[in-house]
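Taken one at a time, structure 1 and structure 2 that follow are two forms of one protein chain, written as structure tokens.
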Structure 1
Amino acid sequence: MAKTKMNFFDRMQALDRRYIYLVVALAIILPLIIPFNSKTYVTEPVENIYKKIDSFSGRKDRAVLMCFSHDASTMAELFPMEVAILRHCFQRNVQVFTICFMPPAKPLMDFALQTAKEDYTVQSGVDYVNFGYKPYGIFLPIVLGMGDDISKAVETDDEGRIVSNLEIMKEIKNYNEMNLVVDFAASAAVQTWITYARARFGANVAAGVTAVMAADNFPYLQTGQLIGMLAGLKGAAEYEKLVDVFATHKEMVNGVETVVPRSFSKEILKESWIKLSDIKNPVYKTARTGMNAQTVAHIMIIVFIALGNIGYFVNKKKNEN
């Protein structure tokens, strides 16, 4: 009996699924090993956070509070955005406070600070303060207490120093000066800052969340209760680009390559093309490299799904005939 000749779709239907897994694995691994320059489009929620932080540049009466509300399981999405914001603050002389209410978040917060500090001359107690880990049981008293007096709500920092004695506190008292809270979370933690810091004291609140949590926070963006949001690896990649295009922009000055920060401009952003190969520190391009791998993998999966469905209907029609 003669064998029926298999067409392309028959072969795709009969393809061993292990080959599909192999192709998807290569689609993820190769872009990580050999980064390429893909286009990163900056969305308005990310742009708004950048512009708010940049407006604090060089001011001693303004500061940013970064709250770390996640553990290592979501580090891949949240850590790059934390480092990017810290780089922005350190480069533009924006004062920063960091705090966490989860024990697993403490080493991640310390690691983010150490990573971002590598290329900057910043001093603890002067340019930034790490409040360290505080038990969740006093989360609400601290959130509310900061509305009146930060140094009374958090009396000591991570190094055991009296907060009120630190130089950074000379012109910083409450949310009027510490005028932006950015909560990095894989949960609904940011909603507590909205409920109390925003509603009670009028503090500006922004969110850095995992991609799956973004949908829960869009209503707060629409009502203005969140001034901006970084959503997953895509949001981190956008912020990395903004830092490279504006905050850490380099020009030749008297024959020496020098960092010349420039003001935000949509025109400059449209024209700018950042080569990942020009960024020496791999941590500073983590999100964009990850987005390359994620994009290629998603395209491959979509192709396999499309081919599988087309093959199914082709074979179904053939069998009916």
Structure 2
Amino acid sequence: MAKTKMNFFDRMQALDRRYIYLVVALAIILPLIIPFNSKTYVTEPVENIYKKIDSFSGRKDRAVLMCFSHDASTMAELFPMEVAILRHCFQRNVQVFTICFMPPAKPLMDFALQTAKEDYTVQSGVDYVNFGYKPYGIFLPIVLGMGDDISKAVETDDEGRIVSNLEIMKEIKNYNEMNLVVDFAASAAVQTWITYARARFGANVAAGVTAVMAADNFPYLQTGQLIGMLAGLKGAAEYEKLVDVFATHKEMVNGVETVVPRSFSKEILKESWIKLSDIKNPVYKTARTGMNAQTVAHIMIIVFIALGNIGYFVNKKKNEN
């Protein structure tokens, strides 16, 4: 049988997928090894979460609950946003509660707290409290119970201490005080908080989700049932930027670089430009560094789609002729 001569487009159509994998690997690894400065544009759902948390600054009668509902597989997207929110809270003296209902989320929660508190002198039971892992079977009773009395719904914390005896609980009773719940998930877990904590008790609920899950939550954002949303690595990068521009803003005071937090302002945000190379701690720029890789990967996928379609149409026309 005569061998048909393949032209460039035929070859492109029949390209071994291992070459595609190689290009994807390079497109992701190279921007991580050689980071470059790209501007992060902050969106409204991220701003809303930042502003809500910032409004709790210094108040003993307000707290944020962070619910970790994911495992290590989605850590690349969700961990940077968890650390950024914890940093914001610790820096601005906002009281934090953490909880999880999945066993694989427990070490993640500990790791996030450990990472965020490295640069801060915060005390467990006073500035934050880790409720620890609670079995999924009592997820709903806890969500509902917190609407009445948090210390009854979650009797002991991760260290086995009675929650009602902790100093942080002095002015906190239920969702009226713990007025923001942020659920970090790669699933629809946040919808339980919306259905029960928001609809029944009026708690403010926000979501930190993987990019693929973001589309599911847009109806709740539009209705206001979600006050804000961090969508994937992009959301995390935006929050990291907000923390750097406002919460950990540095100024020279008497010749010494000092952290002088400032209030949120769209004008300041628009003008601000933080070079990644100026941020010393790599943990504080994880998402923004990752966004470089994501940018290259997205462009590469678009190029792949374009090439695939050009080959398809060229071959289609050839066959028609």
Partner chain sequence: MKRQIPLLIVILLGFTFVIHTFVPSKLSMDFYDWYQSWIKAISPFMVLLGIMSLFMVNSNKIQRKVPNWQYSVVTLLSLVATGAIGFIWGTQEGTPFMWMFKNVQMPMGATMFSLLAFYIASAAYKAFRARSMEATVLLVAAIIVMLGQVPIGMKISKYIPETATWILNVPNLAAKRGIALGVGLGMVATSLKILLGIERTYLGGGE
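Only the largest set of C-alpha atoms that superpose within 1.5 Å between the two forms is called the rigid core. Counting starts at 1 with the first residue of structure 1 and goes up one by one along its sequence. Here the structure is a predicted model, which is why all the values come from computation and not from measurement.
Peer 1: Choose between structure 1 and structure 2: indicate the form predicted in complex with the partner chain.
Peer 2: Answer 2, the form predicted in complex with the partner chain.
Peer 1: Considering the change between the two structures as two rigid parts, does the C-alpha of residue 285 belong to the same part as that of residue 206?
Peer 2: Same rigid part: residue 285 and residue 206 travel as one unit between the two structures.
Peer 1: Rounded to the nearest whole degree, what rotation separates the positions of the smaller rigid part between the two structures?
Peer 2: So the smaller rigid part is rotated by 18 degrees.
Peer 1: After lining up the core, report the Cα displacement of residue 303 between the two structures in Å, one decimal place.
Peer 2: Displacement of the C-alpha, rigid core superposed: 3.2 Å.
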